[in-house]
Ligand code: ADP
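Starting off, we have a lone chain in the form predicted alone, written out as structure tokens.
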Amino acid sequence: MPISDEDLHTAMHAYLRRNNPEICRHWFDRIAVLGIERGVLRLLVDEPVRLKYLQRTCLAAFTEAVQSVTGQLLAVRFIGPDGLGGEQPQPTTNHASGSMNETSVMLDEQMVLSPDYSFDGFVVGPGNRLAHAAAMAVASKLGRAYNPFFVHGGVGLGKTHLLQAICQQLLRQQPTARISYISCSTFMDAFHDCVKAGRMGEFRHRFRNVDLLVIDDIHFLSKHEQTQEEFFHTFNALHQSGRQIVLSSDAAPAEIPDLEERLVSRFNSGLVARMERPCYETRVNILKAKARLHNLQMPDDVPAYVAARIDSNIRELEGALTKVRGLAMATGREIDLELAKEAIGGDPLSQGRGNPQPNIQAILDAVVRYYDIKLTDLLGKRRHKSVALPRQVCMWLARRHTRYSLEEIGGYLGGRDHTTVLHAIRQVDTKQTRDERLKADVDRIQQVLQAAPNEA
């Protein structure tokens, strides 16, 4: 007896939840079954971004699910509201030479927009409020609000989420808008390939005739003089014609090493917004939002526990949630606090009683004692190596062991600005990989702090 469209829909999604939970989203329930025609199951998807995401990342999983449920060797085709979709465009062939036009293929390659990364799914907190507000303004007033818009911050803090949210919002408002959203490495690869192939006209047409140019990780331009030269002219062409430019980086423009001053100046001419690590309340809300996205049911004490355990970035929060979900599926148990403790290990309350995190004063005291220097020198303006290195170590420890922002750490260390603190942290990170003695010094100070920490 043939299976009905409704039963097929239910069985297919149940299979996906069992066997591919990592791809499942709450909006999968809105994918409609249009029936089977000539060995192809047609599935209707209501939004272009979701359609392309499914075509690019979920086709194999859906095909496996449908074949398992029906017992038939069926293919899957995702269809958009206009009745189109399914096949990806094929690379063009140069008939004169019989070879494939690889440059054209590369230039047409876009980073896939994830439906997860919309403004609706972005959790706003003290550390990202400015960046979020600016991104919303950019999406609604393209080229007129903040141009360029430059967002920077550490790994896993939501920069890519904001960039993709801008693209998705614009596509909803202006479906015919010309958007180029790529990584900086792809931009550089395309540039070098076009230089070698003598196709710079094609390259320039591709990137200078868009309404919105979005480049992720622009700091990779560092030390690439030729690419910087080309991007400088691309930037000018877009900016002078009122086209929107959005860039992300792991550092502020002035802190990107070996970046030409004229690019630094142009990046700073718009709005530069920094994203900080999420505070505890924001981390709890992020976990709840991620759980809703995946249709995970959990009591409030689970996200509260995970947020207390992990305070680094959003990716690690997502990783912890994945561990919790995985253990629940493997054991057939419901998600609760005990399961969360098993999944990510340890009880922060018991750890807190025996090993609370040190505060900045405890770090200052430990560094002063270890290096045998005066606290006034550590907090003062002296730049002698005997003081400068301990000061950098102090900043590194404060960033690692407290939840203070870069500005707050700088305030405790003699009123220094956040760029000084960021530089110090990077210096200590780099030096530890090359200097075994420094690494040993830092490890010993951390052991002291862990053995006898003060109440924060």
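Because the structure is predicted, anything quoted here is derived from the model rather than measured. Numbers for residues come from their place in the sequence shown, where the first is 1.
The form predicted in complex with adenosine-5'-diphosphate (ADP) exists for this protein as well; it is not shown, and the discussion that follows is about that form.
Peer 1: Since exactly one of R206, R325, K290, R277 fits, which has a heavy atom within 4.5 Å of adenosine-5'-diphosphate (ADP) in the predicted complex?
Peer 2: Spelling it out, the residue with a heavy atom inside the cut-off is K290.
Peer 1: Which of these residues, A320, A362, I245, V123, gets a heavy atom within 4.5 Å of adenosine-5'-diphosphate (ADP) in the predicted complex?
Peer 2: Of the listed residues, the single hit is V123.
Peer 1: Does S183 reach adenosine-5'-diphosphate (ADP) in the predicted complex if we count a contact as any heavy atom within 4.5 Å?
Peer 2: Judged by the heavy-atom cut-off of 4.5 Å, S183 is well away from adenosine-5'-diphosphate (ADP) in the predicted complex.
Peer 1: Is G80 close enough to touch adenosine-5'-diphosphate (ADP) in the predicted complex, meaning at least one heavy atom pair within 4.5 Å?
Peer 2: Result no; G80 lies far from adenosine-5'-diphosphate (ADP) in the predicted complex.
Peer 1: When the contact criterion is heavy atoms within 4.5 Å, does T160 count as touching adenosine-5'-diphosphate (ADP) in the predicted complex?
Peer 2: Taking the distances in the predicted complex, the answer for T160 is yes, it comes within 4.5 Å of adenosine-5'-diphosphate (ADP).
Peer 1: In the predicted complex, is there a heavy atom of adenosine-5'-diphosphate (ADP) that lies within 4.5 Å of any heavy atom of V76, even though the partner is absent here?
Peer 2: Judged by the heavy-atom cut-off of 4.5 Å, V76 is well away from adenosine-5'-diphosphate (ADP) in the predicted complex.
Peer 1: Taking the partner as it appears in the predicted complex, which of 230-238, 148-156, 301-309, 259-267 has residues with heavy atoms within 4.5 Å of adenosine-5'-diphosphate (ADP)?
Peer 2: That would be 148-156.
Peer 1: Enumerate the residues of 272-289 that have a non-hydrogen atom within 4.5 Å of adenosine-5'-diphosphate (ADP) in the predicted complex, in sequence order, or give none.
Peer 2: Only a single residue, I286, comes within 4.5 Å of the partner.
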